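One chain comes next, on its own, written out as structure tokens in the form predicted on its own.
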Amino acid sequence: MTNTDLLLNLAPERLVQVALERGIDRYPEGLTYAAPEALGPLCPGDRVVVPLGRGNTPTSGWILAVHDGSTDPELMSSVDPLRVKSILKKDGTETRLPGQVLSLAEWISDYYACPIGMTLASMLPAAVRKGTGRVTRRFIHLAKDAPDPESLPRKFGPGRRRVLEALHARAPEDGPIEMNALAEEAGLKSKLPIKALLEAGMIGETTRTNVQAAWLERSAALATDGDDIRPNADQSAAIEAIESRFEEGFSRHLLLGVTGSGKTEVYIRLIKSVIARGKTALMLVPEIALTPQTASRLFNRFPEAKIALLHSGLTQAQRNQQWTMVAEGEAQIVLGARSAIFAPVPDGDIGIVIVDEEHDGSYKQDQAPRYHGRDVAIRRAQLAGCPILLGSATPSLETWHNTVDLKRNTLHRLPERAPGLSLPNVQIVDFAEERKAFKDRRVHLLGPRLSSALKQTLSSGSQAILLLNRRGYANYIACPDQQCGWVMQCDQCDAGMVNHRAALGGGGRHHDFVRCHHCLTEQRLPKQCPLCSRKITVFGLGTQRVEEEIRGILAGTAVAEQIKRVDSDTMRGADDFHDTLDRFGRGEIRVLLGTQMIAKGLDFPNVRLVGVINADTALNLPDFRATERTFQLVSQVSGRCGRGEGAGLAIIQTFQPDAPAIRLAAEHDFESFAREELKERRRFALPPIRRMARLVVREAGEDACLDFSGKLARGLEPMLEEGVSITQPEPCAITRIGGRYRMQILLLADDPRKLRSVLLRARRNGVLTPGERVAVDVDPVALL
């Protein structure tokens, strides 16, 4: 036998491309492995374990492609069988990603500059990967030649006889019976007789796996509408226009509706139409805060439908259970936050993708892959060949630019609130002037107008929502001596520490401590300046301090105990937030005070007052999107009132009453704001006019950070093409976080394809290696 014949005999019959769950970026098409026939059928999207490196470390990965002699004979003949390694085993979780999800992962990896294996790993919940809650059950049936119990000899064991009698008594349509149930039906104290019959071949067994989890309660407690709602003319026009595009395949739509205009009703009508066509609706909300009310509405309007919820508030077993239900094609509606866009809906089943509050920054992932849920949803709809509907009262400028200037989205307007509802009266209060009315020197966070309106609202039996987008008690800790100049900073970050208070039992006692909101370092609040020993001064504002002031304003009334603070310090999980909203809906809580968690999506008809404590918290940040975020936040929170009978009042406290973002938000005039803001973006060639990628270099030492960022910029310059520019490395707005110095480089391109081309070339040439040292953020939403 020749060497050539020997190699032909050793050559594998199948080869697969495997994307490893590691940060390997040089091989976007995956690594090649042999697939032994003993593994059985293998398909793209299967999860397997393969040997990696010289030590053949077992490593999980995903099959991207399968090759054999018929599909790719050139590849098969070019592979050296002595060098190719073989797959070790299939992954035990029985997971397979649908083809469309696999294609979506490849697009995300390519567009957002993240290794394909890491991208795929982020798509699969850890609970699914670990098989949390998955159990295997054994079902028993009679063998083809099973004896009749009447023909059995007398010495035949009585337990085994009763098993056969029980199986013969079952109707054929009943199918196999679970082993434990059979033992109980046959009156057995152990399963030994069943196992003896299995060994003798008189009965057979099949196994079924399913995921067991605590029952996911279908609560409609927060629902405020019913099936008797009749869409108005604007809603009907939007519904009919989108339904008319169902048969065309992929189409893009923007639903621009003022707060309270009934966007959710449009979603529900379209979902009903999709289900009637035998398809699945996939709906995203920006964060878990919006899930309870949206879910309750869907449960209320679709009592018989199978609705899957995918968000971080579920237990691990529930996440696996819901994911499995979707993967098996049982879910008719899939609702969830950002990562729900990766729901394993079988190919061909998605009928519509809906992205509610599409402008919200929560759709942007802050770890690799740094994808934007809205943009990934558009790509998912394109792969599924179905319409996508983006909804918002304050669309992102990216979406508005795509709609008005580039004509990529079809615009549907809901300019009026639902019948019987009116837009709130919005009053802008110059807080610098209001502070002059205070006779004492204490810090006041609620001015006279807001304090008076709060008392009046509560005395009338109504409810109020107050917003301050800053946690803690105070955000400035310093020495009162200006000549000393000491200000408390985090040791690990170039950022100030924030004073927090923790209650100590009863009696109003509390413990003061400071926390860095970037690296989460905590320590006790110092009592004196470490430089000059003077007693320190703590001032500024935070939700804890506002809560203290409100309780003082309402002291002596029953309402003083009906205040609830909602921020990440008080809401430890989804259950806390759901319980708070449930109590607010029942009227047990009268004042809801919180951060942006309460600024959007909430719909409670008894809310008559909304107060914005300080509308300026985001307005002066060193970020070109600061004005856009301020407009959206003020508009969204103002829209939480006036959703029942009677007019609502929104009071906006600000030190910049003439700022266009605040003034136009008070006038509910999004289109004027967008027009003026886009003029500024064009003037400075900023997104969405140009596309941006932000490269953040992170090093433990300042000199090392400067040196490496300079080398990276110089390495990228030869790879630029016409229409792509690069900035020189500069310190980030927050120069140091968690002990690591940070420098940023911005790439700006006229076209996303050019930006992608430069990044791809840099990755393949080894100039740019995304990871801990360099974070790549394509289409960033924040520059801090």
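From 1 onward, residues are counted along the sequence shown. Just so it is clear, the structure is predicted and the values come from calculations on it, not from any experiment.
Missing here is the form predicted together with a small molecule; even so, the following discussion is about that form.
With the partner removed from view, the residue among 396, 119, 259, 627 that has a non-hydrogen atom within 4.5 Å of the small molecule in the predicted bound form turns out to be 259. Site annotation in the predicted bound form: the residue of 359, 297, 319, 370 reaching within 4.5 Å of the small molecule with a heavy atom is 297. Heavy atoms within 4.5 Å of the small molecule in the predicted bound form map, among the stretches 148 to 156, 431 to 439, 481 to 489, 230 to 238, onto 230 to 238 alone. Although the partner is absent from this view, residue 603 contacts the small molecule in the predicted bound form, with a non-hydrogen atom inside 4.5 angstroms. A residue is said to contact a partner when one of its heavy atoms sits within 4.5 Å of a partner heavy atom; residue 421 meets this definition for the small molecule in the predicted bound form. The shortest heavy atom separation between residue 562 and the small molecule in the predicted bound form exceeds 4.5 Å. Remark: residue 265 counts among the residues lining the small molecule in the predicted bound form, judged by a heavy atom distance of 4.5 Å or less.
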